[in-house]
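Starting off, we have a lone chain in the form predicted on its own, written out as structure tokens.
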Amino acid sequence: MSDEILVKTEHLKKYFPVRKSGGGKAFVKAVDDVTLEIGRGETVGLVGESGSGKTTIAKMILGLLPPTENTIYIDGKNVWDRKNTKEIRKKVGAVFQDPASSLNPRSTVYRSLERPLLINGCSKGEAETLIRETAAKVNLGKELLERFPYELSGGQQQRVSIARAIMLRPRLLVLDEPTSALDVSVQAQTLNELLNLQQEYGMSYLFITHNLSVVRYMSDRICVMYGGKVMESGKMADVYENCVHPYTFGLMSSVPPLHPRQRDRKKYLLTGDMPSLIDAPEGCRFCTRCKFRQPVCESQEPAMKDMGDGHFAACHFAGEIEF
């Protein structure tokens, strides 16, 4: 494993067992053969429709869900080797979509921030110093520390969640829709704070979102998922400006143009629904919704095609389709 790579997964799978209506067992293939790398100090954006497997990957990286097959390495250590658990937990932090649900309503902000520090061996004096330093870095006023979560706005609650996640100076921060519950002006403040913190501490981010404008602003690389599989990945600029997978182009087409001159741009509107992950198509997962499909797409799963400079796409005709 390269010293430049912090997080690495290879052919990661997560299947959930379900009962069929007529009896017998089947499996929901929530994550199916996903390879992902996150470099040190890098932000990787994970995008895709609801149900594509983004949060499942995040939970496996955080150690909340065991993988069905293969594993995750953080800093060269196997996340699912029990002897590494304590060490890895200090290296990983998480910020979730709804900050109110991740804060104890019976504890003040100060107590919510203090508890993880005491559990990890800090004295009360050290904890107080660290809490006040971190609160200042995320623009959380000291007068808010003695309030309860319900006394805070959504943006203030999210700042508490970010402060709690970074206090132990993790190497990796998993951000699962961290700004979706906030209004636009507060979103911008939160994103800029995250960028400043990343630059100061050298953290890596796994940034999960539906908002393609946000992921373009935040990410160095992007990974597009659909039906539990990676459809396209590469540098942000390469994928955003020169995508080669029909699904990626459909996602990009769904973003409203910022300039009136872009209203006449080429579009590819996605229709239909994602197929069931219990009875997934034999070939390409996206073939049931793809207007460019050929017989080979329905019978043969596409391999990841190297488009050059770290740009990959899982499409039989990547680079040949004119959108």
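Because the structure is a prediction, the values reported are computed rather than measured. The first residue of the sequence shown is number 1, and the count goes up from there.
As for the form predicted together with a small molecule, it is not shown, yet the points below apply to it.
The small molecule in the model of the complex is not approached by T271, whose heavy atoms all lie more than 4.5 angstroms from it. The small molecule is not shown here, and in the model of the complex it never comes within 4.5 Å of any heavy atom of T68. Remark: E49 counts among the residues lining the small molecule in the model of the complex, judged by a heavy atom distance of 4.5 Å or less. Mapping the unseen interface onto this chain, T35 falls outside it, with no heavy atom inside 4.5 Å of the small molecule in the model of the complex. For the options H210, R171, R216, R89, the one in contact with the small molecule in the model of the complex, meaning a heavy atom within 4.5 Å, is H210.
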